[in-house]
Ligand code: ADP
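Take a look at this one chain, the form predicted on its own, written out in structure tokens.
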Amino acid sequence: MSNTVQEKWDEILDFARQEYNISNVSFNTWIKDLYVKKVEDNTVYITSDNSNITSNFNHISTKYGLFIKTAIHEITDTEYDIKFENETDTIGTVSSSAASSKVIHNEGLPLNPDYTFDNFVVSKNNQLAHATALKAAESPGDIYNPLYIYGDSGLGKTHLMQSIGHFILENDPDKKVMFVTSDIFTNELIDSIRKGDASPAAFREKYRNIDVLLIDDIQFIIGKDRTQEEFFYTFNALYEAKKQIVITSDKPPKDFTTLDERWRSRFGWGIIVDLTPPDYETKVAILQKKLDLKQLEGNSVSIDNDVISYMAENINSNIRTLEGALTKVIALAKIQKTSVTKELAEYALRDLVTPNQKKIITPEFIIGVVAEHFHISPNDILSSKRDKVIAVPRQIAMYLSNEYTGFTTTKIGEIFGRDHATVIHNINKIKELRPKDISMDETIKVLINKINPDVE
């Protein structure tokens, strides 16, 4: 009898997954690698060789223990107690309950349908961040609150953040999930003040009457006194109400030298995790995943392994650039009505791939980095638009071009479509602002690191 559970273990886990609608990502992360260590005194001892799983047995026991116990009973027709056992602890099962209804309450910006846990490629570079995000999604507001994810641009912070939103809404559509960028938060606050509401009650009600706040790029709030204060009032209200808060940034809280310690400590109330650049194997997996998604969308795409390998070896900036490179290669193949070969990939990516060459910093390169950072296009920067959201990034791009390219102001002016005097005026304006405007100085430091981390 004791071997029945072991013999039917795969069937038991499959029953639990189907009967209790356990998502693929949760099953693959927490349950798939579980196995029966022994059956003794009518107790099933469950363990795993995966350290990420054994270190999270408390969570697994609380979240899925009852499901597994019931599945064992259903499949073997015998009732067992179950315990999760690692090298140092034996953890008992805690019963859990779940219920949901079916009207989705997504607030703020729409969530990208591709940014789900199922589409996130897990590797040693991001395993902790992924597992932590999934746990926060499975028990919003209970553990890892706030969840603070940091790393360079294009490494998957927004993907993980939005995955949490998707997961929560799929499992409890009654939840109110708010996803916003720090720019939108700031602009909505400014708008509420401009309309004459000295105490922006409507603004506060909007941001505090939610279950989950996902706020992207928190670094752009730091240093803006009124916005910063308003955010932390919102933070405190949500935290005290046990609502889930997820924050992304380009650096950890300790690196914000201008941030008051009382606020810096709040970010550490939950957990702080980072994302690092992907290694070769991860980049290959990301490219394969992207290809799979394109095929699911009805696109007939076939790329040889040597092309995938070439891209993974030579594109070292970030995941967003890697995915963009794949899209560019496929687009060129379609235009030329030819197959995707290594030669075609080399031609398509000649502006991105420069093997064994030192990166050349040009005004065009800087314009691209600045545009991406401010969520605008390079054409916006080069346009005649004078809106502040365009004009300030344009001034910063001119300033950085002057500092780091070696180009003359006359040549910079030709590239930007401005005269020599305008370029000098904009460069001087940024030079004057940096010592006075903390937020501006922080932004430029971030951009310098994106342009070339070796530049001091």
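Start at 1 with the first residue shown and count on from there. Just so you know, these numbers come straight off a predicted model, no measurement behind them.
The same protein also has a form predicted together with the named molecule, omitted here; what follows describes it.
Legend entry - in the model of the complex, the residue from E85, E323, D260, D183 that sits within 4.5 Å of the named molecule by heavy atoms: Partner contact (heavy atom, 4.5 Å) among the options: E323.
Inset, instruction - Name the residue from L155, L349, I272, L111 that puts a heavy atom within 4.5 Å of the named molecule in the model of the complex. - result: After the contact test, the surviving option is L155.
Inset, instruction - Indicate whether I319 is a 4.5 Å heavy atom neighbour of the named molecule in the model of the complex. - result: I319 belongs to the contact set for the named molecule.
Inset, instruction - Although the named molecule is absent from this view, report whether F120 comes within 4.5 Å of it in the model of the complex, heavy atoms only. - result: Answer yes; at least one heavy atom of F120 falls within 4.5 Å of the named molecule in the model of the complex.
Inset, instruction - Mark Y148 yes when one of its heavy atoms lies within 4.5 Å of a heavy atom of the named molecule in the model of the complex, and no otherwise. - result: Flag for Y148 set to no.
Inset, instruction - Decide whether K283 counts as a contact residue for the named molecule in the model of the complex under a heavy atom distance cut-off of 4.5 Å. - result: K283: no contact with the named molecule in the model of the complex.
Legend entry - Per-stretch contact check against the named molecule in the model of the complex, the hit in 283-291, 172-180, 223-231, 138-146 (non-hydrogen atom, 4.5 angstroms): The contacting stretch here is 283-291.
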